[in-house]
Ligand code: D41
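A lone chain, given as structure tokens: the form predicted alone.
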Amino acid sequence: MSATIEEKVENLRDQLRYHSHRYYVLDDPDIPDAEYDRLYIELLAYEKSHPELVVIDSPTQRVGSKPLTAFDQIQHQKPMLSLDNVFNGEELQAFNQRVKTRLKTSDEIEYVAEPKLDGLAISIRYVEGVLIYAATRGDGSTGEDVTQNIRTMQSVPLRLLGSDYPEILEVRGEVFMSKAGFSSLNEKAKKDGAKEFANPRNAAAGSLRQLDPNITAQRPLSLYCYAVGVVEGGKLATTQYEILQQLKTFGLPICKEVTSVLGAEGCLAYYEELSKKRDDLSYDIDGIVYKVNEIALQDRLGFVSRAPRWAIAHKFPAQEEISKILEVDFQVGRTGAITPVARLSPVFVGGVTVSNATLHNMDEIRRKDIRVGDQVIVRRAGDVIPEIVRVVPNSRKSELPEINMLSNCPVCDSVVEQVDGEAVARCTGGLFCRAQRAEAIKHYASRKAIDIDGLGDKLVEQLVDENLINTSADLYGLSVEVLSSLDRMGKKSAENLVEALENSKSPVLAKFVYALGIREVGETTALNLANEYKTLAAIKNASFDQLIEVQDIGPIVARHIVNFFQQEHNLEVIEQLISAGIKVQVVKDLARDEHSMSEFFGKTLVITGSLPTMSRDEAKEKLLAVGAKVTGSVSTKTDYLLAGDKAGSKLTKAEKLGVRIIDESTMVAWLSNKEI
């Protein structure tokens, strides 16, 4: 065999190792994925043609081993020790003082501070730069042989980079799963109907301990190295921090959050800094680890029992604890969404005492099979609302009744509605329900609804918070005196708002129906209802079967409309609006003969670009008023494209489909010539 082929093969391996290191360890690739794939395929072809050239550390040899029947045991030549813990600043100060006392020094000690990863500890042995075996921590003395599985991880080099590494190098690290990887894995499991993992740590441990390496290869596992074990036939640096930097040059992944700090104060400052960043990290951590930086000082300090005297773990408050569900209440959100909430036996978790946790919706309750009386795992991460992760396995000693959704709103007693296929149940008392009143009033007063000038969202919230209004009808009882007494509300502004309220008392039917805030009844649907039924009374009395015959109204929207007008509370608010002086304009019959009908009646239009004299919303309003339908995208069903300046892709598509294109002047002319 010619030396040329051997050289080409080794050169390809070197290139692939280099690029794998940049991609998986440094997160800084300098070639596209396609180029990496090309190099890999080329190497694969050479090895297939010359199987005698295949070596254990080739990049092509990561996956392909047969499933194991069981894990072998590996004796750690140098024990993998555990760490003692501290839980507050005082305990950390005491640890620091013990170190200084043992070293007989008053000087501040330099420490290496690093995140305490929430994964599975691992030891990987390299001989002459080649990965020989990997073992879990196990009991500290003996671990499980997971070599084949470790070899599937792209972030773990099968051969070290460079040439100045020791002849035997044992590295210690943590195998973990990123938050994104965990989420993706569980999403797939959910889709496949498989069991989901409880947390990233369990997912990492379960993935690494698969008997089939091919399964492990499909899991998004990562590794960060944090120490060395046995080192023979070479020397490493004299400090912990410098050793980690050396490992990085060998191609081993190191956590970028690792740094050196001075004394207990430096440790505490790092703890506070990382506590703030914790939720933004791409991986889970459960604390900080501090290690005396000087290796010589570590040797002098030695060990106690199964833990080193020169290192300590500063644990964060637990993010998961066990509690008991005492009862389940239902809360109503601002949009009517009804959320089940578990009332718990108080438990300290995530740094605070938790007595309530969200259950999200009934689908989640059924999926997790949660019941009142269950022992459950409660999780609180950062500022996230506490949630129930799962029921404690085998804790339910007797049959407990299932939790059921309420049939009526706990705030206003309106009917609770849940559409098939939707996870969220909602209160139908939109106009009346106290929990929804601010959002309902904001919608009523919005520009596309009743359009009450000067009544902004913040003012609505202020009026609701001070119990000056409970429903949209109460707006019309506001006086200049009451309004001008509010913060940042002068007399002139109050007078203008009262005038605007008075001017809003004659809405057209379509706008009034839209203003009621019926679920999924937008501007177009409200206009279709107005054009079909002409009066509010007719809409109110329309049956489900009648409603589904109206243009663009299907079964779901029809059910929302019927449910809304069946609620006495909603009818009361409508009566209050009418009593306050609201006079809804009746729609005049649209003559449907060819000569008196608007050109736009029943036609579908799309508006694009900047119009010369009016906004697109103003044009839309004019078109809707004459029975047109205005949509957002051009299709074969589009009758006209109203195009202004810089029309763009919609104009191009309309031209391709043969849609008739008009400008603003044409629209105005047609509207004025055939006014209804």
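Not measured: the values here are computed from a predicted model. In this text, residue numbers run from 1 along the sequence as written.
This protein has a second form, the form predicted together with the named molecule, left out of what is shown; the following refers to that one.
Enquirer: Looking in the predicted complex, is the named molecule within 4.5 angstroms of a heavy atom from every one of A121, Y226 and W310?
Expert: Answer is yes for this spot.
Enquirer: Choose from 77-85, 268-276, 406-414, 525-533 the stretch whose residues reach within 4.5 Å of the named molecule in the predicted complex, heavy atoms counted.
Expert: This holds for exactly one stretch, 77-85.
Enquirer: Answer yes if any heavy atom of V289 is within 4.5 Å of a heavy atom of the named molecule in the predicted complex; otherwise answer no.
Expert: Yes, contact at 4.5 Å.
Enquirer: State yes or no: in the predicted complex, is some non-hydrogen atom of P166 no more than 4.5 angstroms from a non-hydrogen atom of the named molecule?
Expert: Taking the distances in the predicted complex, the answer for P166 is no, it never comes within 4.5 Å of the named molecule.
Enquirer: Determine whether any heavy atom of K442 comes within 4.5 Å of a heavy atom of the named molecule in the predicted complex, and answer yes or no.
Expert: No, K442 is distant from the partner.
Enquirer: In the predicted complex, does R380 have a heavy atom within 4.5 Å of the named molecule?
Expert: R380 lies outside the contact set for the named molecule.
Enquirer: Quick one: of P253, G430, G143, P115, which gets a non-hydrogen atom within 4.5 angstroms of the named molecule in the predicted complex?
Expert: After the contact test, the surviving option is P115.
Enquirer: Which pick from K324, H360, R559, R137 sits with a heavy atom within 4.5 Å of the named molecule in the predicted complex?
Expert: By the 4.5 Å criterion, the partner-contacting residue is R137.
Enquirer: Scan 189-215 and note down the residues that get a heavy atom within 4.5 Å of the named molecule in the predicted complex; none is a fine answer too.
Expert: Nothing in the stretch sits within 4.5 Å of the partner.
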